[in-house]
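There is one chain below, alone, in structure tokens, taken in the form predicted alone.
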């Protein structure tokens, strides 16, 4: 990666730069700067009015500056004259403590100070719909069990291929693409990496998928549950901790299921903070139509509703699919690419520092036998429950910092209240004549 963005523009033929940041709601914001101005932008940042996006700021606040990180530079494969940059937010010459990317970097620095580097990989599921998002784009994609349907996959070959070709060109190491469990739903996988690298790529992947879908007259949506009878879109997070010397600290060939005591303590931390964690991994009203869903057309939701862990079993919140890593199946497509891993790391480190035990592993089918489990916590039923759990979480507040927790809670409570004020057709259908 180039440290001098002006030089990189000359070398790569970049004419414009998207200087971007992600707000508390996961929205991607940007300014388009000509290459001739990138030198000053690299030094001072691009100016924004923070209140105009989902940050806990007021119109009276000073200018917000997005200072681009040259290490994050991505040249758009489908529009190579444009370079994309992730940025760190600064106000009054100080890092903005509530800015999601800053929060992840700070949490990772805390982990590195005690010898841990977190690496993650995400499974981004999304739907390809018609342009207005009201129905899936492929009317022939109507199988009851459409997962891995080759014909449905190949009918969207041009879109999937173009996205995958971009990831290949960028060196991300994409290794498989599939039609997922819902009609019109897809998943694309690339190699795991340092958690910040993965987070930046996650942000860009969502933008890229949407942009390429639009080229084909379609819409890519990462909404957790756009269709009530179909399986929702998750964003499963595979996680491991590594030493400065490059050793996987979650791996233990003598450990149960090939993972170390450190990993089990990390899992214990996730279990301890699971309800509060949901505020960041499942941050929308719609999210709770996925994790508390009835059985879908395909026969399973593939989403958790109880705080449990297991081995290679997809019906639990945490799965240990292989030696040396865990899979958190809680996050959905709306999860903030920076705040979700920051919260996971914070909860996991708390588990390590306090040697939290995860309890007994369960290997049952939670979808059929979960009602028999005694003592396991249930996940929040809605966004309000998750926000109230976050309010009580000293673990996440102390680790992530009061500015981001308080700002997030303030804005999300406003969002919940706006939803609660919304009159639905269901209410009319069921109470109009009472």
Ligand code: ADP
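Note that this is a predicted model, so its numbers are computed, not measured. Positions refer to the first chain, counted from 1.
Note that the form predicted together with the ligand isn't included here; everything after this is about it.
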query	finding
Heavy atom of residue 227 within 4.5 Å of the ligand in the predicted bound form	no
4.5 Å heavy atom contact, residue 238 and the ligand in the predicted bound form	yes
Contact flag, residue 190 vs the ligand in the predicted bound form, heavy atom cut 4.5 Å	yes
Residue 120, heavy atom within 4.5 angstroms of the ligand in the predicted bound form	yes
Partner-contacting position among 177, 354, 248, 313 - heavy atom within 4.5 Å of the ligand in the predicted bound form	248
Listed residue (325, 201, 289, 272) with a non-hydrogen atom within 4.5 angstroms of the ligand in the predicted bound form	325
The ligand in the predicted bound form: contacting segment from 343-351, 238-246, 216-224, 273-281, heavy atom within 4.5 Å	238-246
Any residue of 15-38 that, in the predicted bound form, places a heavy atom within 4.5 Å of the ligand	none
